[in-house]
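Only one chain comes next, encoded as structure tokens, the form predicted on its own.
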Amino acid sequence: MREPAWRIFAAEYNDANHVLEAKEEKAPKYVITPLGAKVNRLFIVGVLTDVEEIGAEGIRRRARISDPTGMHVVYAEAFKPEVASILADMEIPSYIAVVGKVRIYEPEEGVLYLSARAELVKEVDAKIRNYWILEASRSMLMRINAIRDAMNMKNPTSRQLKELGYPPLVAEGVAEAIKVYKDIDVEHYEFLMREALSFITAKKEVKKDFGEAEEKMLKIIEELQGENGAIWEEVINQAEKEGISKDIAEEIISALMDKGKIYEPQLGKLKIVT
């Protein structure tokens, strides 16, 4: 049976540190996240922020894809040359959809690096990205509820969770997560989910031309961005020091995003499109 592709935010996937591996030869490996996603395949939609050619044997390209909670790292390997070619030809930033398998690198015991091995890649638009955020949030909310129900059980099992109406994969993943993760910070993931949803609901339609103020904001972002991006609050604070009110600064940031001059490599950070 083909494994389902999970709509999962980068923050939850990257927080995972447990791999479930069957003893049978060639059996699939599963990454178990703190909220109990039992992931063998992923469906990622976000902003392509970086693509680089990799010289390591068997790997053609490494890409970084930003969603509202963080960054997915995706590899295009030699046996999928068409995927590597698509990534190489895409503009940065662009909205991108990727279906891939979990890629697990464990250089030593207790150290786990997670990424995805791309199977399919396609350029998409903001409408598809926003729909993916809704679907990923819906999936996360189900697991949050399942984790809470499991926390109220003395010795939670997948059977008990299935009896409450949760799908088998969710029930199995949550039962495993409860065993291996201590003190799961459910509120943290609720906050991330709300922030992700606000990312698509709080956008303003901006049609004004702010003239010189736009150039000033671009300069501020460029000076503050470093390698990882300028922190939103620091940009606003600097703008106020230079005579641009907070409300106008936020409108200019939205306008610059609409014009494709800046983007968010991750939530709350800004970078210039080069």
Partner chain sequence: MEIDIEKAVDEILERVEADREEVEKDLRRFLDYGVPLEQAKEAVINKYGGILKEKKLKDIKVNERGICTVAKVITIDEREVEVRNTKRKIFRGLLGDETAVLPFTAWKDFGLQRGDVIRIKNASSSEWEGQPRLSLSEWTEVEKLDYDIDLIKRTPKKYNIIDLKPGLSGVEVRGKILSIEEREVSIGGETKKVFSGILADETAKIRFTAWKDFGLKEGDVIKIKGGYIRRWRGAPQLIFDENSEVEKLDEEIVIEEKPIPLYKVVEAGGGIDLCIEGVVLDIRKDSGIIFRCPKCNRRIKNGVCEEDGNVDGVADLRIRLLLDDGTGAVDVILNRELSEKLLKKSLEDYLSIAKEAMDYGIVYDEIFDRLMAKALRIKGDSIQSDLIVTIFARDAELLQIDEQKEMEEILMQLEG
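This is a predicted model, so every value here is computed, not measured. Numbering follows the first chain given and starts at 1.
There is another form of this protein, the form predicted in complex with the partner chain, and it is not shown here; the text below is about that form.
A residue is said to contact a partner when one of its heavy atoms sits within 4.5 Å of a partner heavy atom; residue 81 fails this definition for the partner chain in the model of the complex, lying far away. With a 4.5 Å cutoff on heavy atoms, residue 127 counts as touching the partner chain in the model of the complex.
The partner chain is not shown here, and in the model of the complex it never comes within 4.5 Å of any heavy atom of residue 113. Using a 4.5 angstroms limit between non-hydrogen atoms, residue 135 touches the partner chain in the model of the complex. Checking 71-79, 177-185, 103-111, 164-172 against the partner chain in the model of the complex, the stretch whose residues place heavy atoms within 4.5 Å of it is 164-172. When the partner chain is considered in the model of the complex, only one residue from 151, 141, 88, 92 comes within 4.5 Å through any heavy atom, namely 141.
Of the residues in 97-132, those that come within 4.5 Å of the partner chain in the model of the complex through at least one heavy atom are, in sequence order, 97, 99, 120, 121, 122, 124, 127, 128, 130, 131.
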